[in-house]
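Below you'll find only one chain, the form predicted on its own, shown as structure tokens.
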Amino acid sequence: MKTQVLVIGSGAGGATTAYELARAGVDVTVLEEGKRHDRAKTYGLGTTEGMKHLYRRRGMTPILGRVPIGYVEGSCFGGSTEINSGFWHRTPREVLARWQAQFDLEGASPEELAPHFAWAEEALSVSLSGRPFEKSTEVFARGAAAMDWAAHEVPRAATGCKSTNSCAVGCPTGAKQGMSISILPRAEAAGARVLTSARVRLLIKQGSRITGVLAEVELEDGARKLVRVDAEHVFVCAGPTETPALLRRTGIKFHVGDTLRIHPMLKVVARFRERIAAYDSVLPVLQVREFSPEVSMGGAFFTPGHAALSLSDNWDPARLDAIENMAGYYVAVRGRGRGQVRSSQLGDGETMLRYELAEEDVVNLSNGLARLATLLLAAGAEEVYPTVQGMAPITSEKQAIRWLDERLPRSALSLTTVHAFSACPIGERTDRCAADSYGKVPRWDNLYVNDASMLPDSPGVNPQGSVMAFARRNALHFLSRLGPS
């Protein structure tokens, strides 16, 4: 196969890149490792089937370290946009200013990014729900009001949400505007070719250029075939872990895979006196950002299986008898630690992730738990069960508030994250950046990164908006410099 521009990955960054280039008349081919699924047959089937079809490693990707962290990401047509909540944030002004100061990032002021955010918000119909809150959101709002903290509904790329509680396993109604239903069809209509079940194993180098890739393609009968795709330009948009892993496998290691950042998350299950039925409605859509950008609090995806998993740190099966009165919430921190992305030492071609919690992470998680538990108790919760091994349920403000001064024990933390980024930071600081301000990898004439891996540091908010705005900005910058074919 030959193509003018090869885009590796079809998530938020890859889909946006492919669409803008194809719309401009560029010959574009997209390679996606995951499969293209029939929404009616595969989406919304439940956690086990959803993870089997839509997730990398069936949702079992550990981040190693002194405190292991569970991480999930999508591997399908549309990437992680198919399994996220659809929450939408613009990159905070303070974060952009910090990226400019610390990474010499050019062309990324709020004013310069505003048209790219506006484009994405229109393309994905980003809006508030416009409907009465579900019970799990209602009680959270009640607790925030009792604490006199501002709680804001987060806009979502899910206009017309039917509240099926299927965000994490693929929206079966098509209300959530993942890339498979919003941007990728537009890219294909503009002429982009998308080949799924195609895992890129290696970039092919010649001099200062990447001439193409070697990819392993799974055929309809399950057989695998190694193919070569030649390209004039290559955009690596394989995600925050697979982009650096692919670059490193190819021998491109300059500031690549050494600065993985995440939003560490501590979940809790709250049991109320009243019926909540959180497993039967969309997750809570409010966030408390009173303590941002370091700490945020909100609602977690909740099913009986997720409840059992969260309660397993201090297991008592009788607690599940009250599942109708339960809901899940989280405290997330911006993440001051640093991680690494490496190829597995087993030689199986898989990716190995490491991250060490910074002391600030532990402080913020402890303070966040104190405040979240206090909020939920003020909302009427009778017990709050943190995912901290050996910790008794929190039943009083006194028990909650202690964590403003004391530190949660690292060895007892059961943490997760769904947000990773920054393994290939962009900017003009050659002492810390893997690519320039627009994603071009130094020393290579035609190689770019354009996904969550490029964000210079943790944004402190759900990252899809940032990824799409930067990806579009970079794609248009590329077009402005692209000469005649």
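The first residue of the sequence shown is number 1, and the count goes up from there. Everything numeric in this text was worked out from a predicted model, so none of it was measured.
FYI, the form predicted together with a small molecule isn't displayed, but the following is about it.
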item	value
Interface segment, criterion being heavy atoms within 4.5 Å of the small molecule in the model of the complex, picked from 139 to 147, 334 to 342, 371 to 379, 79 to 87	79 to 87
Position in contact with the small molecule when the complex is considered in the model of the complex, options 264, 328, 240, 170, heavy atoms within 4.5 Å	240
Partner-contacting position among 248, 289, 271, 199 - heavy atom within 4.5 Å of the small molecule in the model of the complex	199
4.5 Å heavy atom contact, residue 296 to the small molecule in the model of the complex	no
The small molecule contact at residue 53 in the model of the complex, heavy atom, 4.5 Å	no
Contact flag, residue 73 vs the small molecule in the model of the complex, heavy atom cut 4.5 Å	yes
The small molecule contact at residue 418 in the model of the complex, heavy atom, 4.5 Å	yes
